[in-house]
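Let's start with one chain on its own, the form predicted alone, as structure tokens.
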Amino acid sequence: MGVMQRIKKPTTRRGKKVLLSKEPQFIEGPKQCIFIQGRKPSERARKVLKDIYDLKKPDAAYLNRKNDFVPFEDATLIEKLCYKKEAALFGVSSHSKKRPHNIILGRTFNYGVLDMIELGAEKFKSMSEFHNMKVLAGLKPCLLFNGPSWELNHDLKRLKSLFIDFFHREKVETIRLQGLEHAFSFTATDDGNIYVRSYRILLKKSGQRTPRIELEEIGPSIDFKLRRTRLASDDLLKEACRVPRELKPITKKNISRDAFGSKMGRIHMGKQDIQRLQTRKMKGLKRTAEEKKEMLLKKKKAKKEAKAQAQ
């Protein structure tokens, strides 16, 4: 006889609050990320992952323990750690003779691996090698994708979406010019090279209202080479990107705009009695005493005629 699995309901208010926080939300905050050490990571791969972690903070966790596993062969460890840490993104560093200085970036959906992309760090210059002022942790960066390959190549198009997920933070409605302090530049070539550069945005005096913009490289500077990919199917990706019904904009009927941008609407109203329509009250439109007497006499006369006809 099989063992019946029971659903244990929370009995305390704190337990209910924990379960509600784990449920899907209509408006999600910044995605959490975990960075894991894989099989025998090299010093360069470890530093690359550490710099990405520094840029992702405070929405990230760095695990120092080395794990003897290959994500493309068995991803159960990643799924287990993502479930434990409530993380939707992950990064793994490893090193081998066939794939030196290896970096694997990926994301999960419903605690299962959705996408995994393997990159090789051919050249690297860490943030500590740039001796200048850095940006504060937790800033929302400006992402720049250079080159037509981001839209023409299917793998690079999915990698672009992955980079946006990694460095996307709170959703903002308006942008303040002084709030733009950090910029990321991703340049893709036709042969699969990706050049990642990080800049600090400086606002200089220009003698006008709009300041002069200068970029100062603060690191890291990474030259990636695209290697293996394991991408989700179109149906699974569509399910992962589905927008809840509550967040979809409600279409308003009978509303249009003219050539000048003015909003025009059509209103449906019932039949109105113009005789009983209340207009603006003013002394000049008031009835005199004689007019009121005539109205009373007409009403009395109409009542008498109605009684005579009824008899």
Partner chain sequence: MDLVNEILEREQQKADKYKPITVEKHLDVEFDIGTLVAFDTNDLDSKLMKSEKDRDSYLESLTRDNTQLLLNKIWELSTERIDEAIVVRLPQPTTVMPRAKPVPKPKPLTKWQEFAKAKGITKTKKSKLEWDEQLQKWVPLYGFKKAAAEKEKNWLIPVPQNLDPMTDMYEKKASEKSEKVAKNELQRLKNIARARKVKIPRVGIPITSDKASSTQLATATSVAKASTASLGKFQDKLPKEKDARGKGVHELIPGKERKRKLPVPTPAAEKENNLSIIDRILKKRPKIDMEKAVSKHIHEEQVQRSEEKRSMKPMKGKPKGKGNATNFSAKKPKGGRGQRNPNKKNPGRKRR
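Everything numeric in this text was worked out from a predicted model, so none of it was measured. Positions refer to the first chain, counted from 1. Each form is matched to the other, and the largest set of C-alpha atoms that superpose within 1.5 Å is called the rigid core.
There is also a form predicted together with the partner chain; it is not shown, and the following applies to it.
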query	finding
Option touching the partner chain, based on a heavy atom within 4.5 Å in the predicted bound form, out of Lys80, Arg99, Lys134, Lys123	Lys123
Heavy atom within 4.5 Å of the partner chain in the predicted bound form - the one residue of Gly265, Pro244, Pro58, Gly261 that qualifies	Pro244
The partner chain in the predicted bound form: contacted by all of Leu63, Asp68 and Ser128, heavy atom 4.5 Å	no
Any non-hydrogen atom of Pro141 within 4.5 angstroms of the partner chain in the predicted bound form	yes
Contact flag, Lys22 vs the partner chain in the predicted bound form, heavy atom cut 4.5 Å	yes
4.5 angstroms heavy atom contact with the partner chain in the predicted bound form for Gly192	no
Touches the partner chain in the predicted bound form: Lys31 (any heavy atom, 4.5 Å)	yes
Residues of stretch 108-138 in contact with the partner chain in the predicted bound form (4.5 Å, non-hydrogen atom)	Thr108, Phe109, Asn110, Tyr111, Leu114, Lys123
Threshold 2 Å Cα movement between the shown form and the other one at Asn110, rigid core reference	no
Thr210: Cα shift of 2 Å or greater between the shown form and the other one (core-aligned)	yes
